[in-house]
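Let's start with one chain on its own, the form predicted alone, as structure tokens.
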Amino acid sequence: MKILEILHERHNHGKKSIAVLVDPDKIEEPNRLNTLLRLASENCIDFFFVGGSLVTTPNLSEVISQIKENVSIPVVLFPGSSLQIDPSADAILFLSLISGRNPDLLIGQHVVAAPILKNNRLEVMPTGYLLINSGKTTSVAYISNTTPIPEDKYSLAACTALAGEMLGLKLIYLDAGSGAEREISPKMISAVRKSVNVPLIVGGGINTSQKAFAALQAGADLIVIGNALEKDPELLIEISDQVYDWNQSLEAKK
């Protein structure tokens, strides 16, 4: 079954998922990635997202290879540009930055990437990408040259996500950005959740298990944990336990 089909099936059954975001620029020491891989294999981690706003190191393939050699968890590219395409991954989030008005990230990069993706085995997952303001300017906001949606403009985010779904995008991704000061509020997540029927991904600023659970309760189908694991890899255990308990409670109700 394709990853997109898995996400839609889990969404339809109310089940939650976790992705660990690996920025190749931040994996300078193999041991750091090995620690994440060990924790991921011991806990209920569903996906690895690999990529970043600006990847300056040439080790994207090496990171993907190391993941695949150690765990059987699917690897999904989270690209900042068409340069971050690697056919050794399993899938790619084909991100259209619909919260901004930068044509290069709405369609420009996609035109460059399309023929490359057509000729390899990567599963392409059309994704509406929305940046939500989280305080300070994040790398993705700066690199993308776009203004995030204000954190209290719930209807604007909801309508933007709805437009993305109507355009045929198969996933919606709400992101506060890497190293965000604040996570996306439950009210914002809930507003977007009510506006669309496709799976909802939420990331950025989730650095405690309480924030992770709040995002899940508000309607996130998949939460993405990245920067927080650099400081506290064990956080993955706490969040994984919450997702496991959530999914088990659904099974118990059947």
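All of these numbers come straight from a predicted model, not from anything done at the bench. The numbering used is simple: start at 1 and walk along the sequence shown.
Beyond what is shown, the protein has a form predicted together with ligand 1GP; the following relates to that form.
Using a 4.5 angstroms threshold between heavy atoms, S178 counts as touching ligand 1GP in the predicted bound form. When ligand 1GP is considered in the predicted bound form, I189 lies well away from it, no heavy atom lying within 4.5 Å.
When contacts are judged by a 4.5 Å heavy atom cut-off, S209 does not count as touching ligand 1GP in the predicted bound form.
For L60, no non-hydrogen atom is located within 4.5 Å of ligand 1GP in the predicted bound form, even though that partner is not displayed. Stretch 168-176 is the answer when you ask which of 84-92, 68-76, 168-176, 112-120 has residues with heavy atoms within 4.5 Å of ligand 1GP in the predicted bound form. Of the residues L216, I225, L36, V198, just one reaches ligand 1GP in the predicted bound form with a heavy atom at 4.5 Å or closer; this is I225. Along 119-137, one residue reaches a heavy atom to within 4.5 Å of ligand 1GP in the predicted bound form: Y129.
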